[in-house]
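In structure tokens, the next block holds one chain alone, the form predicted alone.
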């Protein structure tokens, strides 16, 4: 039995407690939060769970094996570092830290303590995302040209971080999961409409090797909740709409090819008549996807890594790669969309 403490019982906390308590090999024995009402909510649902306003009470309990950090981003590093130094395995909500230097420090602390350090990039554990990855890897879409991602809704507004740091980590982690490598450059533009200095709407362009280009729109200001990814390949195209109950993924046998006509080549240029565009519009296919809660899959993976001493799919280095991209986006955002190149070690 892996005994867990959860630090932070806000928006995401109840989902974490529910899922970890549903796993036969784990039990949430502590919850920490500053808000007395949130702690009483835990006590009403889980009377046997210890509650505290001081997370260090969890660290001082030798029976606690692992800690989940679900607090505001700016507190991730200190709390996670304290947990690792106390000899606890650690799962941190996304993004892992507020800077790449902090992420590197956590990785070193985990290596020193020989404990599991994992970041909750939840969507890498979702069955639809796994299916998208499988389809891309199979070559069914052909060479990938572009990926467009929209993650917008009305709220939840954050007090200390902008919409990029709040929403973009999901899509950054998914892009690198799909393509297998980080971007080479980013550009970001955004605006603060509700509160000065905290951008609530942003458009981001990411360049990957082999001319793959991705675009993101993240916003707290849209009247509708949209979670949509469109992937264009030279053979087929794919649309992943995570808000749908059924047929979340649809594959379109659509595309365009260039055929050269048998017209003698001009000495210095090709005329329009020498080229013919052929458009293809075939069937639409919706692959079958197993219905599993991604958060539960992630939770089981964390427990499995602890029990079997395995490296998590989304380990500290995975978290670091996402934070590096976020930092580049932030740099571009503050410099009117200037292109920022990334150094991928």
Ligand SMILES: NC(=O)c1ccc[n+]([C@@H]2O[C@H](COP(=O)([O-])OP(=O)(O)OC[C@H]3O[C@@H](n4cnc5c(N)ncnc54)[C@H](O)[C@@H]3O)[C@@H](O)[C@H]2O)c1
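Given the structure is predicted, the values throughout are model-derived calculations rather than measurements. Positions refer to the first chain, counted from 1.
One more form of this protein should be noted, the form predicted in complex with the named molecule, which is absent from this view; the next part is about it.
- Using a 4.5 Å heavy atom cutoff, 12, 38 and 120 all lie near the named molecule in the predicted bound form.
- This chain is drawn without the named molecule; in the predicted bound form, the residue among 87, 142, 155, 72 with a heavy atom within 4.5 Å of it is 72.
- Checked against the named molecule in the predicted bound form, the candidates 303, 28, 32, 66 yield a single residue with a heavy atom inside 4.5 Å, and that residue is 32.
- Stretch-level contact check against the named molecule in the predicted bound form with heavy atoms at 4.5 Å: of 210-218, 184-192, 92-100, 234-242, the positive one is 92-100.
- In the predicted bound form, the named molecule stays beyond 4.5 Å of every heavy atom belonging to residue 179.
- Residue contact check for residue 79: one or more of its heavy atoms lie within 4.5 Å of the named molecule in the predicted bound form.
- Taking the partner from the other structure, the named molecule in the predicted bound form has no heavy atom within 4.5 Å of any heavy atom of residue 5.
- Contacts between 282-317 and the named molecule, taken as any heavy atom within 4.5 Å in the predicted bound form, involve no residue at all.
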